[in-house]
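Take a look at this single chain in structure tokens; it is the form predicted on its own.
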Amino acid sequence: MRKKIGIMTTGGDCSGLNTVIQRLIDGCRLRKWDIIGIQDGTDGLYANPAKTIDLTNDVFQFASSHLAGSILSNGHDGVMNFEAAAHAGKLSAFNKRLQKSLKDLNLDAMVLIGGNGSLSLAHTYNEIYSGLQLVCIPKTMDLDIPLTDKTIGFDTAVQQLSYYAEQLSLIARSHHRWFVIQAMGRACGSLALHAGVAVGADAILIPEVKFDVDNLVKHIKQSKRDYGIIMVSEAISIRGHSGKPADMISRALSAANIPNRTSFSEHLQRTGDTTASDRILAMGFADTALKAIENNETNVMTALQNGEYKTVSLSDFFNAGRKVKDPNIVGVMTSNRYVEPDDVLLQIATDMGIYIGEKRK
């Protein structure tokens, strides 16, 4: 049966989006399905008419599939989106417009490629996608989505941050100083933890593990080197201190006469050629999503669990995580995943002499 499939990327940027789009295009062509892209995420879906593009080789070259960003774009500032609609008290009307746009497009299925915020919204406002199959693919450099061992973009972000830290370690050695590098990751410490272990950082500070600044200073002073890397998650906090986490740690080191500099890799972590592991993951998730459509599944998310590609329901995804209030949309909860106390990398870091903190939350 010939189907019409829509693809939409939403939320923050990460590498691997173009790869999974390309794999979905390939799979749809094999099945002789029609496929269109929604441009600018829900921003484009809200437009009248919705902003769409036919996904053919003329508009999407295979050679570009490894590049960062999304050929469909994820949206832009200054337009009506979930946050703007909630702020203006027009969320109900916004949702109805999205639902009407999807109906007018006459889609059989929508593949939504998004992070935990986007997937939480898809679960909460599921009526938007009534009348068609909804299959979600998890992508985020934060690795904060429940029920999947991997998310598209995470491995590439770890690679980017690791390379950045390695280059700074050369400068650190030349100038006999410490570099405090602030990693992204929002409320989850996975990116800082993985990149910190990858480069052999001297200390890794993440929000899931309580740490003592005095013990950190003591650890650095006892180091056999007078230079190194301290990897800091952007979500850590220090009681009685304010400002960026890296700056707070830097001030504590300076007060102890430890030469140091702060460094912020910022959006570099969202860029870079998609790593082989992320490309493989994109292929697996695309294949799983298309099979879910063939099997008439809906309201599901693709997942990788213990080496097996599968689908899980959006309700299971949402209920499995720790729910927190969305800071921008009143009344909406987001389902989050964090570094677990028994994460093997925490023990490995401790065994290898990396300061990780004292108490796992």
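One-based numbering along the sequence shown. Keep in mind it's a predicted model, so treat the numbers as computed, not measured.
Another form exists, predicted together with a small molecule; not displayed. Remarks below refer to it.
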property: The small molecule in the model of the complex: contacting segment from 179 to 187, 203 to 211, 82 to 90, 216 to 224, heavy atom within 4.5 Å; result: 179 to 187
property: In the model of the complex, the one of R173, H267, H241, K100 near the small molecule [non-hydrogen atom within 4.5 angstroms]; result: H267
property: Option touching the small molecule, based on a heavy atom within 4.5 Å in the model of the complex, out of L193, A289, I145, M141; result: M141
